[in-house]
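This document opens with one chain alone, in C-alpha cells, the form predicted on its own.
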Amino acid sequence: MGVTAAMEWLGSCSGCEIAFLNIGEDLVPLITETLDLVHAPLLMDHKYFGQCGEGVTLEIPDAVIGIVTGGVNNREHLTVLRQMRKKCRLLIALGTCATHGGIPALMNGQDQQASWQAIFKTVSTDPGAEIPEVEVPPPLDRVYACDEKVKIDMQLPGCPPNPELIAELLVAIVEGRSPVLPGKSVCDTCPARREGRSVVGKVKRFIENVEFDPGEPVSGMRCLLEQGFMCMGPVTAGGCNGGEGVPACISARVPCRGCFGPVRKNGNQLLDMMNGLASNGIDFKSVVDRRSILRFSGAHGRLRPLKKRVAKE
C-alpha cells in the first residue's frame, strides 16, 4: 500500500491535472504502488458531503500528501483549501495559479464590480442578465495564491507544471529525500547566443518575426531579448523543459512569457524585468503595458486596480 494522498483543484483550468495525467506510463506505478489516492476529483468519485449527500459538513479524508491546484477566488475555494490543510500532513501547491495566482489573478488589476458588470451584463448577453447571487459561492475581494491563506509546505509552479517534475517531487517525498528540481532561471538553461546588448534599444511587439535560421539549432539564434523582444527568461523560474534541454517557448522561437513565476522567492517579475531590460540596453519606457508582465504572478498584492485619475479643471 502506498502513501495516502489527496488532490483538489480550486480556481484553475485543469491544465495541472492534465499534466499529472501526462506523466504517462510512469503514472500507473505511481498511483498503484507509490501513492494511495483517497480523494482526487480528477480520477475518482468522492463527494464532499458523502456519496449520497448525507453529510452536513465538507469532508476530505486524512492524507499524508495533499496536492492543491488553482488559486483562491471565492469562499468555496477557501473552505476546500482550509480543509485540505487540516487533513493533509504535507501540502503541495501545484501550478502557477496555486503558487502565484496565475492567469485568474489578472482580475486583481481591475475593479471587481466593474469586471462583473462587463462579464455578465454586456450588450451581448440576454436582456435582463444579472450578476449571479443564488447558489454561487461569493467571490473574495481578490484572487489569492494558496500560501496567502494557509501554510504551504512545498511549491511546484508551471502553467502547466512539467509532468516529469511532478513525478520527481512525489517520489522524492515518499522516498524521504530532497527532490531534484530546477533552481535556475529560463535564461540559465537557454542555449541562445548572447552578445551582451540589444540590437534595437527598445521593445518590439511580437508581431515581427524573430531572426533565426530554420536550419540551425537554437544555439545559433541570437538571444530574443537582445533582439528586442520581451523575453522574460531572466526573471522566470526554469522547469518547463524538465530541467534539461531547450526551454519550451524558446524551442519554438517564441519569447518566454513568464509562466513559471519569479525565480527568486517573493520576487517581483515586473521590477526585475525592468532591471533586466535596462541591463540589456533596452528602454523600459518602450514597454506598452508594463503590468502585463505580472500576467502569471498577480497574487501576493502585486496587481491592484489602478486609481482613477481626477481630471484637473
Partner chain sequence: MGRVLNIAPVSRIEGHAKIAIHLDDDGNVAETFLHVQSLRGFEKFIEGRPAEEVPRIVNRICGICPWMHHLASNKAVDGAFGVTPTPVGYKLREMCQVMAHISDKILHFFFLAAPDFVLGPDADYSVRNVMGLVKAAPELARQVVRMRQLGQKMLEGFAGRAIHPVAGVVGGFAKPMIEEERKELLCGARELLDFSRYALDFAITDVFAKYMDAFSDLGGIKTGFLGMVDREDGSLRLYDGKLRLMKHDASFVDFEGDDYTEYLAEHVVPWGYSKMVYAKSWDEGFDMTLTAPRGIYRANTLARINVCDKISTPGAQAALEEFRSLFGRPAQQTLLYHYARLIELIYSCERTIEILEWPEITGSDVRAKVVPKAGRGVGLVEAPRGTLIHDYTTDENGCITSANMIVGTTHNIAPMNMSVKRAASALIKNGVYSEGILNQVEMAVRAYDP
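Residue numbers count along the first chain shown, from 1. Because the structure is predicted, anything quoted here is derived from the model rather than measured.
The following text describes the form predicted together with its partner chain, which does not appear among the structures shown.
*Going by heavy atoms within 4.5 Å, which of 103-111, 149-157, 183-191, 84-92 lines up against its partner chain in the model of the complex?*
Flagged stretch: 103-111.
*Hey, in the model of the complex, is residue 137 touching its partner chain, heavy atoms inside 4.5 Å?*
Heavy-atom contact with its partner chain at 4.5 Å: present for residue 137.
*Report whether the minimum heavy atom distance between residue 67 and its partner chain in the model of the complex is within 4.5 Å.*
It does not: once its partner chain is placed as it appears in the model of the complex, residue 67 has no heavy atom within 4.5 Å of it.
*Can residue 63 be called a contact residue for its partner chain in the model of the complex at 4.5 Å between heavy atoms?*
Outside the cut-off, so no.
*asked:* Taking its partner chain as it sits in the model of the complex, is residue 74 in contact with it (heavy atom to heavy atom, 4.5 Å or less)?
replied: Contact with its partner chain, yes.
*in the model of the complex, residues of 258-289 near its partner chain [heavy atom within 4.5 Å]*: Residues within 4.5 Å: 259, 288, 289.
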